[in-house]
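Here you get one chain, nothing else, as structure tokens; it is the form predicted on its own.
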């Protein structure tokens, strides 16, 4: 049965390695017959959460920016795939701000169950994505019907489009998308 997959790319860099991996996941998911939406945060106006918590009563954010539409996309997706470069051993600030701004979903209805994380980094240590994963898991805990379904970490890539030379990693991303 086809799933509605939302892929969220949080890198602001042109030729982003994490976005290239996300595009491979997209190809795999499309070839598996899923409905896929690809969301790039680099062109979006996303302000910081103000902590007013008005959204807990209204399920809508009081800030008028691009997040209100994107919150609806998150709410209606069956599967979420987050792609982030790792900066200082953590997810990008754009991804963290995006997660914070999804607060209107807390306590309400949502469809997503499976959540995936893709990371790329210069450091190729096996544990380089642990903090990014932990940060996303902290968000997932707030949505008790969902879980972290998988993590794909690509280390040893720094320059724009460098991941394109790592066929094994691209194949893993494609397979992740195909197996959603």
Ligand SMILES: Cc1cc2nc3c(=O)[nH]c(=O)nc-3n(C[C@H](O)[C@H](O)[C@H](O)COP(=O)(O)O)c2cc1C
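Numbering follows the first chain given and starts at 1. Since we're looking at a predicted model, the values are computed, not measured.
There is another form of this protein, the form predicted in complex with the named molecule, and it is not shown here; the text below is about that form.
S.K.: Among the candidate residues 46, 49, 151, 128, which is the single one with a non-hydrogen atom no more than 4.5 Å from the named molecule in the predicted bound form?
M.R.: Only one listed residue qualifies here, and that residue is 128.
S.K.: Decide whether residue 137 counts as a contact residue for the named molecule in the predicted bound form under a heavy atom distance cut-off of 4.5 Å.
M.R.: Judged by the heavy-atom cut-off of 4.5 Å, residue 137 is well away from the named molecule in the predicted bound form.
S.K.: Would residue 157 count as a contact of the named molecule in the predicted bound form, using a 4.5 angstroms cut-off between non-hydrogen atoms?
M.R.: Result yes; residue 157 sits at the interface with the named molecule in the predicted bound form.
S.K.: Given that the partner is absent here, does residue 86 sit within 4.5 Å of the named molecule in the predicted bound form, heavy atoms only?
M.R.: Answer yes; at least one heavy atom of residue 86 falls within 4.5 Å of the named molecule in the predicted bound form.
S.K.: Considering non-hydrogen atoms and a 4.5 Å limit, does the named molecule approach residue 37 in the predicted bound form?
M.R.: Looking in the predicted bound form, residue contacts with the named molecule do not include residue 37, since no heavy atom lies within 4.5 Å.
S.K.: Among 141-149, 38-46, 113-121, 52-60, mark the stretch whose residues have heavy atoms within 4.5 Å of the named molecule in the predicted bound form.
M.R.: After filtering at 4.5 Å, what remains is 113-121.
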